[in-house]
Ligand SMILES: CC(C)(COP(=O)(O)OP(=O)(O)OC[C@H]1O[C@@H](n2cnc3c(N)ncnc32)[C@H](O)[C@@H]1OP(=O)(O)O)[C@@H](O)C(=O)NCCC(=O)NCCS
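This document opens with one chain alone, in structure tokens, the form predicted on its own.
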Amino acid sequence: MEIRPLRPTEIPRFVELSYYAFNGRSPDNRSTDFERRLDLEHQVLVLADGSEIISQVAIYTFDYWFNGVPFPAGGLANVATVPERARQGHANQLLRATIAWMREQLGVSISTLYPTIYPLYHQLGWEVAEEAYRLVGVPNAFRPSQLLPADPGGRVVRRVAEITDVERLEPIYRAFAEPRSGYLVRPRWYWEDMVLRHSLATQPRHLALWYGSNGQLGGYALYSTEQLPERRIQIYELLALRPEGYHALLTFFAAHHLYKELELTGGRDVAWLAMIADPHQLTITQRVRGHFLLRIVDFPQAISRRPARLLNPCAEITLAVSDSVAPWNDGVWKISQNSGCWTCEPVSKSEPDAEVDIGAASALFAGALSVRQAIDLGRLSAKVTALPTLEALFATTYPPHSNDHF
């Protein structure tokens, strides 16, 4: 048994196992990943028994916004084990090696993924890092509240999304995503393949563009229409930089009277219910599968990149982190502020001011758990004097969310 990068001659086997495990895109389409998305030498690992691939993983190198700062991340995908060798710990072994690989070879500070088997990742330190909701109802149920500002001189332009729309949408998306937590800094290929649905054997999405009375693009919605088994609209992404944009886009969708149902998935970083005239007409469910998960790969690097702008002066604390999978994170860290930045240095101290496991630290980092919630769960213990610094360290402007999937 060895863990190593995938060899060029093994690409067909990697693709076959990915397709067998997850279906979805065709093998031919998956093969193009190695031309435009992945570097074999650094971003694809396998656990092999001689010439036989037993388990595999691809690592997309993305950046993610967290509270206004881009963090380098390793996004895991195509994690699969051949069924003949399943439930023997091979995926666990490969993922442990992948965490070390991401730190040593890719230099990332965090790792993200969308799980099919949550317990496997949870026991290795990945934690749920968002809350997403589905709002479902007849189109008219999405009409905006009269209290939401409107721009009578604005307009919505509707058409099929085109490949050239990347340049048009990227600045709007970036301005929206940058101050938030959990949003992907989308590479060009991601826009083309996953957002606009080009370069895939699927129908490109529809696009609704909102222009304010000043003639400037200030919001958009990407959505798809379905005719069978019943007429429905599914909104993949709806965002605006001004409340008037939300008013216009919600009004646009509410006018689709020929459709039986409209579904919008969004995060708590947008006050959806406050924008809708009568939210009682909607069915609201919390998505429980496919959540965005996060794990801190390099604790001191992740902490030192966080913005420090909330406490002045800030009390220095020592935080004991337990991480049985990544021993470089395991230990006691001195955390303080210096010139507007957080510093994180290893120290030897028998009685730290606070103690946390790496999974809870990851959820705190994302903003999916508050300091008080982590204490209530028994995942964080802290002296009273350490609480203001911990709350400042893990503060986020918005609740975390991710519109993306890979």
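Source: prediction; values computed, not measured. Residue indices: 1-based, along the sequence shown.
The same protein also has a form predicted in complex with the named molecule, omitted here; what follows describes it.
Peer 1: For the three residues 294, 325 and 329, verify that every one has a non-hydrogen atom within 4.5 Å of the named molecule in the model of the complex; reply yes or no.
Peer 2: Spot residues vs the named molecule: no contact at all.
Peer 1: Identify which of 185, 277, 120, 100 has a heavy atom within 4.5 Å of the named molecule in the model of the complex; exactly one of them does.
Peer 2: Checking each option against the named molecule in the model of the complex, the one that comes within 4.5 Å is 120.
Peer 1: Scan 255, 86, 175, 160 and let me know which has any heavy atom within 4.5 Å of the named molecule in the model of the complex.
Peer 2: None of the other options qualify; the answer is 86.
Peer 1: Is residue 22 a contact residue for the named molecule in the model of the complex, using a 4.5 Å heavy atom cut-off?
Peer 2: The answer is yes: residue 22 has a heavy atom within 4.5 Å of the named molecule.
Peer 1: Does the named molecule come within 4.5 Å of any heavy atom of residue 81 in the model of the complex?
Peer 2: Because a heavy atom of residue 81 falls inside 4.5 Å of the named molecule in the model of the complex, the answer is yes.
Peer 1: Residue 115 versus the named molecule, in the model of the complex: is there a non-hydrogen atom within 4.5 Å?
Peer 2: Judged by the heavy-atom cut-off of 4.5 Å, residue 115 is in contact with the named molecule in the model of the complex.
Peer 1: Verify the contact flag for residue 91: yes if a non-hydrogen atom of it lies within 4.5 Å of a non-hydrogen atom of the named molecule in the model of the complex, no if not.
Peer 2: Within the cut-off, so yes.
Peer 1: Just one of 295-303, 177-185, 120-128, 133-141 has residues with a heavy atom within 4.5 Å of the named molecule in the model of the complex, so point it out.
Peer 2: Single hit among the candidates: 120-128.
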